[in-house]
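A single chain comes next, written as structure tokens; it is the form predicted alone.
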């Protein structure tokens, strides 16, 4: 009987101790997976690709999905209610179009970088171009972006400035535009045609020329005739990921983000 009593007491003691034991700590809840959709100008492909990787490392579970295209195409898609969280345009005109469409709050765009224009030729420069003035050479095959594309708009503005300079002559603009064999939908299409030798020259951003490496040669455009491209950035007003959109914009504007952009040849915003 005493042995049975001791067993009962021991069982009761063990039960009591088990009841006092702390429950095991629960594992931290992982953030639910999320996609952040960024609409960005084609000229931002490499730099924003790196910034996207940086953002994903800072936000586990988040995947940055990019839509790179001409800014005019992106603005049109936004006007048609395409889902997006951030818009980075290569000019203010297309950003304003997104504002007018109600997809971007009027007070949210911020200039985050600037860019410059350059002339590019194939690596072997078959037309023997030596200066900006040579774009008026008869028979030259020139490729430009379409006028509604930011780099196309900037290119035509640059040509108009040259047309007002007596050293280029009164027929400069007409002679250059007469050499245009195609107008492309974005800056990367211009660069591709030139690097493949399908054109003698094109006008692109300095950053795009740098991304092409040795496949093209670069000719500078005089400072007085160059048009500085201004890039605005903003979160989309009806973003499904508003906090992440704000965080991505903050990364781009941060010293860390600006350093990435500078490494790809962009000039900082004033």
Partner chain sequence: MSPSPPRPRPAGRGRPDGWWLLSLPLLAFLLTPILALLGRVEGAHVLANLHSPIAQKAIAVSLRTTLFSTALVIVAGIPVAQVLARSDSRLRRLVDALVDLPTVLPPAVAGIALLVTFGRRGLLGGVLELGGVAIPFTQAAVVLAQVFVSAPFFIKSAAIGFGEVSPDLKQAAGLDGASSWQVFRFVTAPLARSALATGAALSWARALGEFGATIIFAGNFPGRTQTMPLAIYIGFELDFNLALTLSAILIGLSLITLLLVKWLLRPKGRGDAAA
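The structure presented is a predicted model; accordingly, all values stated were derived computationally and were not measured. Numbering follows the first chain given and starts at 1.
Just so you know, the form predicted in complex with the partner chain exists too; it's not on screen, but the next bit is about it.
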Contact check in the model of the complex: 180, 197 and 200 versus the partner chain, with a cutoff of 4.5 Å between any heavy atoms. Do all three pass? yes
Proximity to the partner chain in the model of the complex (heavy atom, within 4.5 Å), stretch among 77 to 85, 140 to 148, 160 to 168, 99 to 107: 140 to 148
Examine residue 134 and determine whether its closest non-hydrogen atom to the partner chain in the model of the complex is within 4.5 angstroms. no
With the cut-off set at 4.5 Å between non-hydrogen atoms, does residue 122 touch the partner chain in the model of the complex? yes
The partner chain contact at residue 193 in the model of the complex, heavy atom, 4.5 Å: yes
